[in-house]
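First, one chain by itself in structure tokens, the form predicted alone.
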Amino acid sequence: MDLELTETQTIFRDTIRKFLEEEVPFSRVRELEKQQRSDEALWATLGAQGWLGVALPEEADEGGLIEAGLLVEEVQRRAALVPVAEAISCAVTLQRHGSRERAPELVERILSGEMTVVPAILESVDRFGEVAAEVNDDGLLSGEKFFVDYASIATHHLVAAQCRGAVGLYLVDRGQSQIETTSTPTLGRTPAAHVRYQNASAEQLCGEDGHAFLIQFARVLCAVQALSCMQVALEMSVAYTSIREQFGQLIGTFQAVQHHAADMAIDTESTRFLVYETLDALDRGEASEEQVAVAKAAASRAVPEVVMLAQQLHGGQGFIEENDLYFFTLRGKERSLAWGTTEECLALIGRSVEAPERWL
């Protein structure tokens, strides 16, 4: 694919970036972190402005998964506490794999911000493909889900569960008394929870194909978030080393510093290529599970290296929370672990190592 953005994509990226820089100061994010809250005002604005709908445009040439990636990347640049990636992954999954009767209405409500739907997939076994949560013949869901991002502020959960051995995705209204959410502290300070469902009413919207797609799409968007942390850490490091003096010289003139910056740039750009190439393939329905795993493994491996080099270049400045770098150090490490670690993704890739390669 051509990594150069189109004129429309560039305008969209620049518009959302300018808006977020003006409307979401880091001081506001710090306060929300202390309160363990999401940014409700920003979330309402994103829905009202129609930005959440960029992944599902009315016209084929108006947007898609690349644009969804750009939105997620820009939101992550401000460390904003809103479930953009979660809601978009659910909306696109329902649009592509949901029931024809219910999906259009639900997708419209999600993209307008009327509903906040987040995926609830992972269980205690810590393997995405294994589902123990169960829906009985009366449509009642029982089970547990771990590390559900924004579970406590969402209006609905899209839960992976099985019924008579068949895995699917079930929409669950969080307001039911049969649902218990327990806040789970996370490294990146993203609001997350452990959720217990005890005979909660559930509506099946997708089958196994939807479950598989949701995992793959959410995994790529998580890689986009990691990429965003890398990009900001690189930009902040270049800016800092351009003004910080040591031994009477700007530290950016030292060869060792330049080598670190070059390594950070190489990791960031190579990850960008893999991630957006995968988004493009996923948009066209051509991305394999292994391709998604390659993109996520690359992002998960690179982001800790890039943000740690950023910390090294900042020296003591990087370790204080008054410096905005800490947002991306913590969020980056968290995103490297979410939706599949490096090791988990490499294990998926390893299954195809001995498969014959089609060169023509």
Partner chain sequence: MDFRWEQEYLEFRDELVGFLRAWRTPELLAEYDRGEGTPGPAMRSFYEALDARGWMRMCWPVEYGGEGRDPLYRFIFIETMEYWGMPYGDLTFTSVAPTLIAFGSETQKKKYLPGIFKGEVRFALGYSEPNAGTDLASLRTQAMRAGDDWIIQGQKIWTSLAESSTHIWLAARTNPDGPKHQGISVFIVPVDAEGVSIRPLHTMSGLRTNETFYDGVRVPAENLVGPVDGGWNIVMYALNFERVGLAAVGDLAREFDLFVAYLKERRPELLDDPVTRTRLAELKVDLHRQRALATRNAHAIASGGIGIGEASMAKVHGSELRYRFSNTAMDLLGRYGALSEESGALAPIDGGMELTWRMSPILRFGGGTNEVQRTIIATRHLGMPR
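For clarity, every value in this text was computed on a predicted model and none was experimentally measured. Positions refer to the first chain, counted from 1.
What comes next is about the form predicted together with the partner chain, which does not appear here.
F19, L52 and R109 all contacting the partner chain in the predicted complex, non-hydrogen atom within 4.5 Å: None of them does, since no heavy atom lies within 4.5 Å of the partner.
Answer range among 246-254, 135-143, 211-219, 180-188 for contact with the partner chain, defined in the predicted complex as heavy atoms within 4.5 Å: Going through the listed ranges, the match is 246-254.
The partner chain: the contacting residue among E203, D263, D173, E130 in the predicted complex [heavy atom, 4.5 Å]: Comparing distances to the partner chain in the predicted complex, the residue within 4.5 Å is D263.
4.5 angstroms heavy atom contact with the partner chain in the predicted complex for T15: Residue-level check for T15: no, no contact with the partner chain.
E289, heavy atom within 4.5 angstroms of the partner chain in the predicted complex: No, E289 is distant from the partner.
Heavy atom of T241 within 4.5 Å of the partner chain in the predicted complex: Close contact exists here: in the predicted complex, T241 approaches the partner chain to within 4.5 Å, heavy atoms only.
Contact flag, L46 vs the partner chain in the predicted complex, heavy atom cut 4.5 Å: Flag for L46 set to no.
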